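One chain follows as structure tokens, the form predicted alone.
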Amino acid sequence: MREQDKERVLVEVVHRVFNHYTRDPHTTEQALFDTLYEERIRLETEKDRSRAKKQKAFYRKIYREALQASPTRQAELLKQVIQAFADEVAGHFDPRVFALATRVAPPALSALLNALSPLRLLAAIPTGMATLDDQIVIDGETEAFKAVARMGTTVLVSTHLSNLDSIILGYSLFRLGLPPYTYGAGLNLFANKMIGFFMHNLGAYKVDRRKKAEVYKHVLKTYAGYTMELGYHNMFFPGGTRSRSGAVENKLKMGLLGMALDAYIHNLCNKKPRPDVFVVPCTLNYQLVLEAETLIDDYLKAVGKSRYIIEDDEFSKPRRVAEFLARLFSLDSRIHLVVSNPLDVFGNRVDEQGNSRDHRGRIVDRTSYVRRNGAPTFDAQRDQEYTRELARSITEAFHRDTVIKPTNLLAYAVLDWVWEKCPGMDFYRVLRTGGPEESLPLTEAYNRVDRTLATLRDLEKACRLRLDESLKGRDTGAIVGDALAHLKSYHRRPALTRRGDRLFHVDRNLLLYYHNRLTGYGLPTWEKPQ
């Protein structure tokens, strides 16, 4: 967010949210007291005592006055709350900081954005290893992405596995020659002064996922939508948070996603010369995931909804980040970013000329979707259905352009065997004990890998997924060896270990995490029954 636009955005966001909740006195009163209640609950678990003290005092003052206030005064008090939310969210962009960051060598850039010392990270990477440029492979519809970015505003929507994702995405956009993108980052990530400085000045706006009040969520959505109207390219994770299970996202958050359509209609109403908003899905694909242990543990405890944000995972430990990156470099492990076909805000594919095409490939007039009596209009029910169609197109792209890695393949094959050996056994008991056999013959693992890989090749031919290059043109022993090298290299406990001619399943939680990337493709799945 450029400084010259910041005040304009804040004024407009507060104005729109305020108007939404002050249509009648009952709506205003309910929004105000619901927000005060949600904030009181949140502040009971606020770890920052100084911030909690200030916010409690602010909300107490609002509450005491609101109890006896007239409808007009309650509206004024609600506006104060909205203003406070907007001030907290507002992002900033400093071109000088961006220029500095992008001049730094890629490993140092990653280190700075992760609150590490560049020298410390470089020292952790032995001389002669590949650079970050070598490790990040950008594939897919990159030319179409760049083309639509010249024609209108783009919204990059990505799968989400790690807190490293926003760093990888930001650097990849720079490599593609695209401008900086506005994006939401968890408030907890701003706590560290160094990473907070870079995020604050590289286009990030703050998102406090612990805030459950609808008014706060409306501020977030409106902020993102209005920045799109002003031509700021946006980036966000439509799954809402990192995939706890490791599976490809199939349920997306409709609220923020719908703001792309909202911005498009506003642009048409305002007769903007370039009104179009294009949505570009992409996938991020790793052999190893930094926070896999913490994420799968959270998933299995079924407390993801209540915690929603994990503050003590591997990303919060600089040494663990350095170790993780060093392992990736030493294993020559590629991170794949795959750009999918751009979409319009209705879920239609967009070609490099900017034309929307329906499922038969015919060019369609985008404006006709939202015009009534010749003029663009808002229609809540209609627009929600359009957003659902867009979400379906995005999830299809996510699955189609996910890159399956050797770790996913081997984890699937081993857990498939474990599950067969434990018929009728409780899901959690299998994870805890591993069942009657603690290891399987290597030949059995090879056979299962071969069978699963044959199925995956058929799926790739049908354009339903992508296979990593390391799964092509190599024998089964090399594929299994590659997967084992990764699965035992970084995590505190090896997921699998080989002793002689047998494979021992040591950490079945981790195996489940890497296995889950293959759910959603019609294969028999080893997962907790719904």
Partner chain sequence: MKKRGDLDVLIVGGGSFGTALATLLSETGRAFELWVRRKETAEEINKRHTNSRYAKGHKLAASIRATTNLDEAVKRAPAILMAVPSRSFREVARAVGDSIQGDQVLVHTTKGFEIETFKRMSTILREETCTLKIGVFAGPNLAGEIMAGHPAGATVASHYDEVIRTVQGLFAGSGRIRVYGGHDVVGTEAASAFKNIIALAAGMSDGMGFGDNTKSLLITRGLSEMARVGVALGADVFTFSGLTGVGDLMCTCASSLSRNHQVGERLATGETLEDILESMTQVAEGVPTTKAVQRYAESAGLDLPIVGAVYRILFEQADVAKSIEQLMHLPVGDELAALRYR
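Positions refer to the first chain, counted from 1. Values in this document were obtained by computation on a predicted structure and should not be read as measured data.
Here the subject shifts to the form predicted in complex with the partner chain, a form of this protein not shown in this document.
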query: Answer range among 366 to 374, 428 to 436, 447 to 455, 414 to 422 for contact with the partner chain, defined in the predicted bound form as heavy atoms within 4.5 Å; finding: 366 to 374
query: Listed residue (362, 251, 150, 274) with a non-hydrogen atom within 4.5 angstroms of the partner chain in the predicted bound form; finding: 362
query: Heavy atom within 4.5 Å of the partner chain in the predicted bound form - residue from 143, 379, 87, 134; finding: 379
query: Residue 389 within 4.5 Å of the partner chain in the predicted bound form, heavy atoms; finding: yes
query: The partner chain contact in the predicted bound form: residue 286, any heavy atom under 4.5 Å; finding: no
query: Partner proximity in the predicted bound form: residue 346 to the partner chain, non-hydrogen atom cutoff 4.5 Å; finding: yes
query: Stretch 224 to 241: residues contacting the partner chain in the predicted bound form, 4.5 Å heavy atom cut-off; finding: none
